[in-house]
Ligand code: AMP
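One chain comes next, on its own, written as structure tokens: the form predicted alone.
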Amino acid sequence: MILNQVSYSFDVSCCAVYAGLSRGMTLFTVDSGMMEDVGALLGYLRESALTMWVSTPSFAEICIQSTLFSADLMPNLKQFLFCGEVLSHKLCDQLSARFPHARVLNTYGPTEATVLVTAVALTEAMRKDTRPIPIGYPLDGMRLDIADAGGGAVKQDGVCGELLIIGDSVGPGYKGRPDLSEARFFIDTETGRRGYRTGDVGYRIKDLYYYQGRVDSQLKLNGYRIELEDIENNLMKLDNISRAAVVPVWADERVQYLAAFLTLERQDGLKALARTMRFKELAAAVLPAYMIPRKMIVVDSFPLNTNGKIDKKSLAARLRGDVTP
């Protein structure tokens, strides 16, 4: 039995549909109605007899808020496979404690390269490493290169650049958009195979690759260039923060300030202002002052879009019109 949580219009669903059904597994699909009631969802999962789990990390983070989400609920579960979002150390540690006999696989791949191009089964050493959770090793038939700002090859380990994917699974381009296809897709001169410029920033240590953020997630705030995902990753290092989503608040065509939406690992009994002040004090140890969000807003859970990812547009809409001159 294999779980599919994401919409069938989202490419991650291919991991469950094709990888599962081609092996004779039964597909267990979570629909939007189930996701609205976690209590009822856990009941469905108890009866599911799942052996493999395929979802975005955000969906697992919703489930793990319940202490019932454990190997006692799904004793047959042998493997988690995550794709589509950054996988956090905290979630990996929680899953390791709740499901000690289940492997956790982290994977990576854009739609333009026909879903997954890297994968890795996480080890305890990877969970304890201060670096981000790795996105994996290239799959058979795939090659990842790293390009610097000028398009040259980055050969040194640990140096960031844009991830380039080369292999037979890279698509032919965007239908009806030859301009965009020309900008993103290319033919590798060495092998003659198709390549894709992902717009993702990453680096490698030997043959293991790490995701560092998006080229287009950079923005300027008060003259400083910042990366939203870098802020999120550092906020999740703080005590009692389970997940963070940082959104910019715009006015007059520029970013006025940053707001962080947070889920907690446990209730702290603090009022909103006291909690914000506490998190800002903690954040000062891991972030420069200009990267600390002005607002820290605690939510019970994050809204998810149809792809099962955190819906940042919905979060930003909560702050629309809330700009202090």
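The first residue of the sequence shown is number 1, and the count goes up from there. Only a predicted model underlies this, so the values are computations on that prediction, with no experimental measurement involved. Basically, rigid core = biggest C-alpha set you can superpose within 1.5 Å across the two forms.
The discussion below concerns the form predicted together with this ligand, not included here.
- Partner contacts here mean any heavy atom within 4.5 Å of this ligand in the model of the complex, and among 68-76, 121-129, 210-218, 90-98 they occur only in 210-218.
- Contact with this ligand in the model of the complex holds for all three of 86, 108 and 111, each having a heavy atom within 4.5 Å.
- Screening 155, 175, 206, 225 for any heavy atom within 4.5 Å of this ligand in the model of the complex leaves a single hit, 225.
- Using a 4.5 Å cutoff between non-hydrogen atoms, residue 302 does not count as a contact of this ligand in the model of the complex.
- Of the heavy atoms in residue 244, none are within 4.5 Å of this ligand in the model of the complex.
- At a distance threshold of 4.5 angstroms between non-hydrogen atoms, residue 200 is in contact with this ligand in the model of the complex.
- Although this ligand is not shown here, in the model of the complex the stretch 1-15 places heavy atoms of 10, 11 within 4.5 Å of it, in sequence order.
- Core-superposed comparison between the shown form and the other one: the C-alpha position of residue 128 differs by less than 2 Å.
- When two forms of a protein are overlaid on their rigid core, residues whose CA moves 2 Å or more are considered shifted, and residue 222 is one of them between the shown form and the other one.
- Shown here is a form in which the CA atoms of residue 227 and residue 132 lie at least 3 Å closer together than they do in the model of the complex.
- In the model of the complex, the CA atoms of residue 157 and residue 225 sit farther apart than in the displayed form, by at least 3 angstroms.
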